[in-house]
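Form predicted alone, single chain, as structure tokens, below.
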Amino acid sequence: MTSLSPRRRGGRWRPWLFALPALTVYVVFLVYPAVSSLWFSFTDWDGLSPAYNVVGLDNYARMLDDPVVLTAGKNNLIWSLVTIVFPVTIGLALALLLNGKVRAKPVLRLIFYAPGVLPLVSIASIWGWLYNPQYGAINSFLSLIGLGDLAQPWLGQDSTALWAVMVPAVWLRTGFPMLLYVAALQSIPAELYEAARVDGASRWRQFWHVTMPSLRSAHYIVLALSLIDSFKVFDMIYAMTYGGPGTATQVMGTWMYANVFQYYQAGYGTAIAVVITLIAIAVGIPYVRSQTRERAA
């Protein structure tokens, strides 16, 4: 029975040695914080003191009776619906426009995509100034054209705050689906449109029977990534309203942050974070499985 030489035995571990730095970073900055958060979600830890008690599922049960969690969950659903439907629809329309005979396509793509790469804090500051009830550009413009009665404290009242924050969110999220749709449109064979025209299909019928079916993969990617991103919303709302006024713009992410860093209820806050993570994973699993099947095929 032959045994492996020391050199061959060392070669078996060589790939792991090369992967060790990346694995270390992954474990330290992802696995360990995730496991720690899961553990603390079963405790009453305040986030500061070394002592805490294990409370089991009490934090999760508390979420069911927390009216702010119910409000935040509802706002998350509204946010997801609006910030998916409008950016995806507008992005598809822009992609169809840029896929046609339009001048300065690269410049237009840059203009439409630029908001998506700007710092969110900068975007929040700009739109906060636009919404300012005293000297904001929106109310000033309404007064200028004789519609001063429509001027509102856009971020300062329950009825308009969430919708006002969603406007810049739609604006900055439109560029990403636009780019994906542009790439997908350019991959559609021209022969399909030629055959449709030979059969007498109008532009509208070509869109529904050629373009839309050919964009099925792009639709799935755009919707899946947009849905995952929408459930993780935090920074835009926190920078513009801090979840207020009251709880009008509170979402799961901001309520989690408030419990951990403002109310010193880290155990309860991490339980909310775990729920957010599980929702994101549940939404992402079908996307990952579809991508895996496509690559295997």
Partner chain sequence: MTGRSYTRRGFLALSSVAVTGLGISACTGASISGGGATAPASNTLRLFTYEDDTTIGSLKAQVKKFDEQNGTTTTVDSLPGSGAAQYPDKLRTELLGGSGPDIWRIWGGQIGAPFAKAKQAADLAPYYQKYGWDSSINTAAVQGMTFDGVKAGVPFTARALGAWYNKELLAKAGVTDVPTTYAELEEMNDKLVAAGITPCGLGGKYGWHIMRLFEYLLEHTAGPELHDRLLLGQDSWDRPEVIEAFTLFKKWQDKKWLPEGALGLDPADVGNWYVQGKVAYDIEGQWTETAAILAAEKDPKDFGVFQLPTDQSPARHSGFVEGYMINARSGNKDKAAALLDFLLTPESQKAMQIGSSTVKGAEPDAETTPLAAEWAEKYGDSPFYTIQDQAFPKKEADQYFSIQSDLLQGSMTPAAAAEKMQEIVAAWAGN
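Rigid core here is just the name for the largest C-alpha set that superposes within 1.5 Å across the two forms. Note that the coordinates shown come from a computational prediction; the quantities given were computed from them, not determined experimentally. Positions refer to the first chain, counted from 1.
This next part talks about the form predicted together with the partner chain, which is not shown.
Gln157 belongs to the set of residues with a heavy atom inside 4.5 Å of the partner chain in the predicted complex. Proximity of Asn59 to the partner chain in the predicted complex falls outside the 4.5 Å heavy atom cutoff. Using a 4.5 angstroms limit between non-hydrogen atoms, Leu70 is distant from the partner chain in the predicted complex.
Proximity of Val28 to the partner chain in the predicted complex falls within the 4.5 Å heavy atom cutoff. Taking the partner chain as it sits in the predicted complex, the stretch 231-248 comes within 4.5 angstroms of it through a non-hydrogen atom at Tyr238, Ala239, Met240, Thr241, Tyr242, Pro245, Gly246, Thr247. When two forms of a protein are overlaid on their rigid core, residues whose CA moves 2 Å or more are considered shifted, and Ser49 is not one of them between the shown form and the other one. In the core-superposed comparison between the shown form and the other one, the C-alpha atom of Asp149 has shifted by at least 2 angstroms. Comparing the forms between the shown form and the other one, the C-alpha position of Ser140 differs by 2 angstroms or more, with the core used for superposition. The pair Ser49 and Thr24 is looser in the predicted complex: their Cα-Cα distance rises by no less than 3 Å compared with this form.
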